[in-house]
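Consider the single chain below, provided in structure tokens and representing the form predicted alone.
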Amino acid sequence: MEKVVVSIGGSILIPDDKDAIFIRKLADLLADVSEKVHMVIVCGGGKIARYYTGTGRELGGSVYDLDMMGIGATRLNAELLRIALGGSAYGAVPLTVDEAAEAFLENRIVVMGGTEPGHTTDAVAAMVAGKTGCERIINATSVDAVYSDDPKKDPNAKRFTKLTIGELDDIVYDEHDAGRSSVFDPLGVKLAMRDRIDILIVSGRDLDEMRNALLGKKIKGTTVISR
């Protein structure tokens, strides 16, 4: 059975647009695919995280305080998906990478959020993938592929269907313009490069695309090859 980690953005799970309906459909897809793919789902914080960290910043919260609130939001989102999965999911949301790896030994879907300050959920996904020997990370995001620049800001941005992990590293990070793209966390890219884990960038609300990515079939998004 193939092993996969899915990093799913909070903006995909809860954009405040019939969220329960979408989460139920996503859960049904994951449960169906879990007969062929063993997976860990790492949930992002989305607008809930941004609300609390923004409000906390206005109130004078420290960076640590804000990070912890953001992590709390990711875990709330993970609980929603875990509930929707019912018996297909591991019975609790792991709080650390090690807990996730231990839960992964059971034949159920592991759903988690963030772990500690300074690590985005993309980075956590890469850490979990390395720890559990997963072949690929699926980044389910609000854009449908990797672009040379933010396509919402630059209509002429180049769209990529295939990249090497080194090319993705150049896009998401360089020493002169750190973090110029948020399509995948730079630390997560470094970890995937180190552990030779492929990354698939797909539109998270396109459930047909998600199914293809999970099953290792051809996708419309970007395939990032690590080898």
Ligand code: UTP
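The structure displayed is predicted, hence computed values, not measured ones. When you see a residue number, it is the position in the sequence shown, counting from 1.
Keep in mind that the form predicted together with the named molecule is missing from the display, and what follows is about it.
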### Task
Spot the stretch among 154 to 162, 46 to 54, 32 to 40, 196 to 204 with residues whose non-hydrogen atoms come within 4.5 Å of the named molecule in the predicted bound form.
46 to 54
### Query
Taking the shortest heavy atom distance, is Arg108 within 4.5 Å of the named molecule in the predicted bound form?
no
### Query
Would Asp67 sit within 4.5 Å of the named molecule in the predicted bound form, counting heavy atoms only?
yes
### Task
Would you please decide whether His119 lies within 4.5 angstroms of the named molecule in the predicted bound form, comparing each non-hydrogen atom pair?
yes
### Message
Within 4.5 Å, heavy atoms only: does Ile137 come near the named molecule in the predicted bound form?
### Response
no
### Query
Here the chain is shown alone; which of Ala103, Val93, Ala89, Ile71 has a heavy atom within 4.5 Å of the named molecule in the predicted bound form?
Ile71
